[in-house]
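In the block that follows, a single chain appears as structure tokens, in the form predicted on its own.
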Amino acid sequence: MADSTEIRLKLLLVSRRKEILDSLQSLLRRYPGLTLDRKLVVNGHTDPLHEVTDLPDVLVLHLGETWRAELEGLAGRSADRRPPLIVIGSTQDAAAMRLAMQAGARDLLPVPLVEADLIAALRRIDRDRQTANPDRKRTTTVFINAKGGCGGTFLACNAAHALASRFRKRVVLVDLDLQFGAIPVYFDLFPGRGLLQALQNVDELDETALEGYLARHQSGLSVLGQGAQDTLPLGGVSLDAVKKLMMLLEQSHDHILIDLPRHLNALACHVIERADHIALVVQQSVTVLRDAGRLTTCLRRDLAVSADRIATVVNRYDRRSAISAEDIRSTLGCGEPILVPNDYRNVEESITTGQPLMSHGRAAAVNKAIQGLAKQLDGDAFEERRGLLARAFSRVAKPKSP
């Protein structure tokens, strides 16, 4: 019986022959859980990972005429600087087999390549990655605006993208604006089915069937939002259905990021109570801080959310504003706020083109701030004390002295 479990891996395909890369890419595109990058080696470098800064989960290397130098280049790397390796090429040469093992090869597959053999090799690596840390913590993070227009959706999208692409986590981004959510558009995705249909059919879903409702970005990020076939709901949705859906998502993802509308109904309260982290998104405005104060009071007093689960994120931060980071901290009684500097040009271009911020401003301060936010989400909890992340932000967006 075939194993229907989806493989979730980031692959780098490397060869000196374009037709080989085309063939591998065409074959592997049929597996939606795989994120594919390719590298056609045309220069004098023999290390297949030369200039590769973001290591993949698996390197699939087709051996060419320079196979010895290629494998020696990989073998010369430290173990933490080379990913699991699948070698495609002749398996008759004992020297090649020995070098491949030294380079960290998990499988050596002969040519012509048999698809089932390659997929089986990938499944073994994927299972090993999952069982290496069976007790890994799954986290749920809620992004909520203190006031409409603060940018919570944009931050949720780009933090989720960073977790999936840079930190190689299994991430799903959920848009709980059931009427006018637009998160798929932020990634230039237009799924046919989405959240509402998943909720309607949740009793019939398992982890595999749920994949049919998730839109997949090329980074590996899964998005669950409005689908083209979803009708505009005029009433509420079943809270039991939401609970079942959340449990399914938790079984198959490391991180669940939720964009929550600023409306505290029974559904929102359940999601907040279930969340590990709450990112309260504010701006430097008196009216925003007024609403943020009321919302913070509600979270702490009425929903019993502990202070260490809440992070105040100041979006579009401007150090020249009359309202400083210290003013926000003292007004809301929060820890050191996370500062995301203003960068209208890069942010607007990202939203307009439907491409994550990393595609437009990788070196920009706003992108570095969101990468830092994602890194903190990948930790255990938000800290109230001034920590490493806050110090890093202070260098790119120094707050006014109190």
Ligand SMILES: Nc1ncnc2c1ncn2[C@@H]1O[C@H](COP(=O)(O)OP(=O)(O)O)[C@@H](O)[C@H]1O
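Note that residue numbering follows the sequence shown and begins at 1. Since the model is a prediction, treat every value here as computed from it, not as a measurement.
This protein has a second form, the form predicted together with the named molecule, left out of what is shown; the following refers to that one.
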(message) Given the stretches 342 to 350, 26 to 34, 45 to 53, 65 to 73, which is the single one in contact with the named molecule in the predicted bound form, using a heavy atom cutoff of 4.5 Å?
(response) 342 to 350
(request) May I ask you to state whether Arg193 is within 4.5 Å of the named molecule in the predicted bound form, using heavy atom distances? (result) no
(request) Evaluate Gly151 for contact with the named molecule in the predicted bound form, applying a 4.5 angstroms cut-off between non-hydrogen atoms, and reply yes or no. (result) yes
(message) Quick check on Ser222: any heavy atom within 4.5 Å of the named molecule in the predicted bound form?
(response) no
(message) in the predicted bound form, is there a heavy atom of the named molecule that lies within 4.5 Å of any heavy atom of Thr312, even though the partner is absent here?
(response) no
(request) Could you spot which one of Leu61, Ala374, Val366, Ile338 gets a heavy atom to within 4.5 Å of the named molecule in the predicted bound form? (result) Val366
(message) Considering non-hydrogen atoms and a 4.5 Å limit, which listed residue (Arg82, Lys169, Arg329, Lys147) is close to the named molecule in the predicted bound form?
(response) Lys147
(message) Going through 171 to 190, which residues have a heavy atom within 4.5 Å of the named molecule in the predicted bound form? Please give them in sequence order.
(response) Tyr186
